[in-house]
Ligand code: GGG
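Coming up is one lone chain in structure tokens, specifically the form predicted alone.
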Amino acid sequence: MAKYRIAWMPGDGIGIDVMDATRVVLDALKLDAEYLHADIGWDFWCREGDALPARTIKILKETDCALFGAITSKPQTEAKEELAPELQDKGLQYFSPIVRLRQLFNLHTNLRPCKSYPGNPLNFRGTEVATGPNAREQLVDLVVFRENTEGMYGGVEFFPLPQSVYEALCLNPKMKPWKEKGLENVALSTRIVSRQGCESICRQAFEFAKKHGRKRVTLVEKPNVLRETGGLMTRVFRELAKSYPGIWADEANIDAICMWMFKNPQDYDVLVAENMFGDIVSDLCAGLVGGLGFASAANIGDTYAVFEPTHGSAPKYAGQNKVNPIACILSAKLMLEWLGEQAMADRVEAAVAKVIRERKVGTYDVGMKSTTMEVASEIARNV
């Protein structure tokens, strides 16, 4: 019997391509694992009315963790239009399967490392790059902790706005003008956070910094406008910071940090944010280290975890064997770390770094012409 049972969820589009490539690397490592294919994604929504079938949930409950490729998601109206004819007008509602997974398994922490590797032509560079042959790469190495189950992505939304919800919200006089617009014209998304959720993600950011010798933890919020939800997160962050006197704790508004990180990304170390703000700032970080082709993520709960590249399904490139597999391969590296296979994880990262540095192979996004599998094979050869 294999040491590990891993749910294998390619999903849609290029998710299939990058997962096939990642399997080449895992096989080269000789990881003692059984991979159980699990259905997820847009095709299952269209054919079955469920992007996360019950059979997949059963597999997840019987495995140690999961590796996930990518999914296609569309607005509710388009989602209903693409349902099979026999499923039309059944009252089915599309809900992102990865968001549902995070909530179902309480994968409360989204960990997104953003690390640039020497040799990547798309790494962030400072102004000195213009000085000629002595210019040097400005390498970035930071980690984003994103709360994964609450906030703006909690999935509590309404359209049209029900009368009962409107009446409940009318305890706040600011709601009254919306009545004049007609409730049938009003959509509402909620941003719900709890003290427990705020404390969990902030504490994990501080603990990570402490464990790995990182000196700064920055809260990304907007409490001057989102006074209640942002205010709660900020108060919790400040209170927890008192328990970590050796770590510099500071705060930045989501809009401001998008400017400061673009100018001085090396100044930051660990970022912590609620769900949507964490999503936004981690994509900015990805842009600083070469793009989404290098951006990995871990969705971590108390007893289960799902690992994924942060890019989408890019349907126009599906099956073309041309996209960058490194984000998915680095997600597998995070999976190995979570499983306790640190030596294997180190081998994967070293191989990725070597391939990027040597620039013998590389996909179109870094100005080269290698295929997805050629990159994966070169990384596998080096592990």
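Keep in mind that this is a model prediction, so the values were computed, not measured. Counting begins at 1, following the sequence as shown.
Keep in mind that the form predicted in complex with this ligand is missing from the display, and what follows is about it.
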Note: exactly one of L67, V323, I329, A70 sits with a heavy atom within 4.5 Å of this ligand in the predicted bound form, namely A70
Students should find that, of H311, K222, H108, R214, the residue having a non-hydrogen atom no more than 4.5 angstroms from this ligand in the predicted bound form is H311
So, in the predicted bound form, is V99 in contact with this ligand at a 4.5 angstroms heavy atom limit?
-> yes
Which one, 81-89, 166-174, 114-122, 301-309, holds residues whose non-hydrogen atoms are within 4.5 Å of this ligand in the predicted bound form?
-> 301-309
